[in-house]
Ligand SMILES: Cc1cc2nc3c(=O)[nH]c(=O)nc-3n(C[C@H](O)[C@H](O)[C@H](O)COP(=O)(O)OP(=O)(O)OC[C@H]3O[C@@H](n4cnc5c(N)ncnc54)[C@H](O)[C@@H]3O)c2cc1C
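One chain comes next, on its own, written out as structure tokens in the form predicted alone.
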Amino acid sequence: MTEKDYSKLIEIVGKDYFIKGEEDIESFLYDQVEKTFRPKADKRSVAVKPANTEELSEIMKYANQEKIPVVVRGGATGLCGGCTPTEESIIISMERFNHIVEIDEKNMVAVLEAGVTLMQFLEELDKYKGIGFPVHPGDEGAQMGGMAATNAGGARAVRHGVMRKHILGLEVVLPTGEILELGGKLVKNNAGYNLTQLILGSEGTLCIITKVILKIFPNDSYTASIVAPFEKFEDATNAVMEILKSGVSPLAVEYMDKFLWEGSSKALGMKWQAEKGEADLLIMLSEKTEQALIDDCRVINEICEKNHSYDTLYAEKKQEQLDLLHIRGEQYNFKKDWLYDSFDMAVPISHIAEFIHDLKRLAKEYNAGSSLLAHIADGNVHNDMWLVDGKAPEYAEELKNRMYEACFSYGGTITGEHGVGKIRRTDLEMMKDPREIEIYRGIKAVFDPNGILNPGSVIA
């Protein structure tokens, strides 16, 4: 970029919202991908902070005219390198798009600017009696535009699904600068192609989301968490399958390797109470009535006992439930210094036990350091490959490919919720038909004829 480009950007957003220089730009370059695995950022990039859709439109018109790459940055909570500029780019920070436009209780929808964080949104909903939003990807610093662009999921997808299930409409700016309003507050809208759904999960490669219209829901009043310990992982997964068939709809069902539960607890100055067994499930429940919650707990306990669990542990008090979530959330800090790469594969739920068995067998075959967390009731597995003497393992690529082969043999995917970004782009080609990739490129060309938006992400 030239001084002319810098002057134009300053003219649009103002000097205070233009950032340039290696030291100042550093905090705009990366998301939460492990340092050893993240893509290399081009530090010649600059960052701008537009205040509104009109300013953003002017930036995109200029960038498209001059063919300058543009990368959008939300809360930077992603795990696939999507917001890292790998060539000299304009980084669009969405932090000033932070207004909650409307909480419409009559239609049970919220209208939010893209830079509103999940925490900000949930705090606003707390002001209204009995309404909430269920999707929680694990980090409340995530921005709503980024959650839409990545089709964010999280542990609660068992009952509530992922972001695309809840979004009714979008305001977007195209790479050529035009502003589109797609969808709206309608429950039914069958007019034309559904561009909203096409954009959801496109990871900032087709357009820039500036506003989100999404459904809100009545809160459940009664909650509980259950820790169910099993000696054998197969018994734990059999129990989960029976629970899902029973009519009970858990909020989430989480599995972590035993040493992660124990180590995370110890790091927090707590003790993991499930001392017996090697396969512990955390089952989270919420219901509208106390009796419904009691009935759920009874059914789950009976199913766990039938599948040879040890005594189940119940957390009924709010603080007890928060402690369990805190332990689950601490697992990343507990293991982060060992990590080389973290995977995000998903398989049909019926194959989850076989797939996890394959992953553990492969780790043992390569004598690889590994840890595993699974949203076991929706088939999404997060398994880690550890560093060897602080470096990438020599077997890393071969082991990754064999894990993918196991995943594909069950009809699985390389990513259940994190996305492709820049770190899984070549992996995507392993599972997709070349014709499908060709169609992706065609769609990209229609939205972004000069290929300026988030180059290097999702597809080449």
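Numbers for residues come from their place in the sequence shown, where the first is 1. Given the structure is predicted, the values throughout are model-derived calculations rather than measurements.
Omitted from view is the form predicted together with the ligand, to which the following refers.
Problem set entry | Sole residue of Ile376, Ala236, Leu112, Cys207 within 4.5 Å of the ligand in the predicted complex, by heavy atom | Selected option: Cys207.
Exercise. Looking at Ile300, Ala228, Ile352, Cys83, which is the one with a non-hydrogen atom within 4.5 Å of the ligand in the predicted complex?
Worked result: Looking at Ile300, Ala228, Ile352, Cys83 one by one, just Cys83 meets the 4.5 Å heavy-atom criterion.
Exercise. Is Asn64 a contact residue for the ligand in the predicted complex, using a 4.5 Å heavy atom cut-off?
Worked result: Contact with the ligand, no.
Exercise. Wondering, does Glu95 line up within 4.5 Å of the ligand in the predicted complex on heavy atoms?
Worked result: Glu95: no contact with the ligand in the predicted complex.
For this session: Give a yes/no on whether Ser57 approaches the ligand to within 4.5 Å in the predicted complex, heavy atoms considered.
Result: Flag for Ser57 set to no.
Exercise. Within a 4.5 Å heavy atom cut-off, is Leu324 in contact with the ligand in the predicted complex?
Worked result: Because no heavy atom of Leu324 falls inside 4.5 Å of the ligand in the predicted complex, the answer is no.
Exercise. Based on heavy atom distances of at most 4.5 Å to the ligand in the predicted complex, which listed stretch, 68-76, 262-270, 281-289, 220-228, is the contact stretch?
Worked result: Result for this chain: 68-76.
Exercise. Taking the ligand in the predicted complex, which residues of 398-425 have any heavy atom within 4.5 Å of it?
Worked result: Residues within 4.5 Å: Glu417, His418.
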